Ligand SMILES: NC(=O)c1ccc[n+]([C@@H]2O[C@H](COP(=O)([O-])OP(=O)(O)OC[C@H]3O[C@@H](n4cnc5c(N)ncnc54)[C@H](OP(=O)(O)O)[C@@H]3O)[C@@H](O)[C@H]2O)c1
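Just one chain follows, in the form predicted on its own, and it is written as structure tokens.
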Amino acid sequence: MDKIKWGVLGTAKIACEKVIPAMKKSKFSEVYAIASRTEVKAEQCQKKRNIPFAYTSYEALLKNKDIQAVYIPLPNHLHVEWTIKALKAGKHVLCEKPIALSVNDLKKIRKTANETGLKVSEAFMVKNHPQWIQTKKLIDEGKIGKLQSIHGFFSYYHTDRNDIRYKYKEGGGAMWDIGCYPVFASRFIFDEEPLKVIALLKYDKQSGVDILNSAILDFPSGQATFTVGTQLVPYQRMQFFGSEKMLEIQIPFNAPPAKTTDLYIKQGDLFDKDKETIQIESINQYTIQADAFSQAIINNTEVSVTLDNSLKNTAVIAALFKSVRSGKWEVPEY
């Protein structure tokens, strides 16, 4: 079966160091071209990753008729613009999260996708990882009893104010960068939308972006809480508490591609005497993400993360920011 020919808009670190090498191992994807507004960066990534074509403008790449899909790892504030331009150029789009910084912008993407009949997906790579698929299956089967509470934590330490994560107007900050993950994961596992949400944020005085966030999401079946931070010790966990047991994902968001990961199921004993370990085989989540999207194109099936899903995730995050301003619970507006 022929592979989907991909173009990459931008030479971000995540693209050149993680996603492109992973895509080159894909059964259904071929990295065909790379584009950067800086010629040196385009050529460097092209040579390092052995990519057939390099362009010094995004527009030039989009004009290549052989390219069927594009991956967009650009700064957050450029996602909407270039997703829409790529769609209008006849390309399917896999865009890094967050695909949009507002519900209205996401609706613009959805409108263009409907008009063109092309596929668009937000790159929440966790959706395709076996550890998340297994977690969902176990909880749905009642392995921990009735799920009532989810707790998440995700942090790293980074203080370079020149980094895009510290640019407020460009969509920087902890909530958009990593807070989106526990929001997405909680919605995925509960398989519901939160009725109301509330958050507390701490801002960086120099840049104005949020650097420490804690939130509560009130679902029909229970509650989800999470904390994320960009000036904390690096750490991540997701825990799911049921009426009988709890399940913990050891490395929920940055699962290593060449190392197994573990799910822990516990009875509730503080000393983990009855802990059950489920080992998940090593797999590159960026490879399976590319495969899933390419197969959706080839087979004309639904993408892993739909635009409706992304719209609801964006609405929850927007409500969390709104709650910080109001100091009250807020209802996501879809």
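Because the structure is a prediction, the values reported are computed rather than measured. Residues carry their position along the shown sequence, with the first being 1.
Another form, the form predicted together with the ligand, is not on view; read the next lines as being about it.
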* To do: Would you point out which of 182 to 190, 206 to 214, 83 to 91, 163 to 171 contains residues with a non-hydrogen atom within 4.5 Å of the ligand in the model of the complex?
  => 163 to 171
* Indicate whether Lys266 is a 4.5 Å heavy atom neighbour of the ligand in the model of the complex. => no
* Using the partner position in the model of the complex, report whether Pro73 sits within 4.5 Å of the ligand, counting heavy atoms only. => yes
* in the model of the complex, does Ala12 have a heavy atom within 4.5 Å of the ligand? -> yes
* To do: Report yes if any heavy atom of Leu106 sits within 4.5 Å of a heavy atom of the ligand in the model of the complex; otherwise report no.
  => no
* Just one of Leu247, Ala100, Val228, Ala123 has a heavy atom within 4.5 angstroms of the ligand in the model of the complex, so which one? -> Ala123
* The unique member of Arg49, Arg37, Lys275, Lys27 whose heavy atoms fall within 4.5 Å of the ligand in the model of the complex -> Arg37
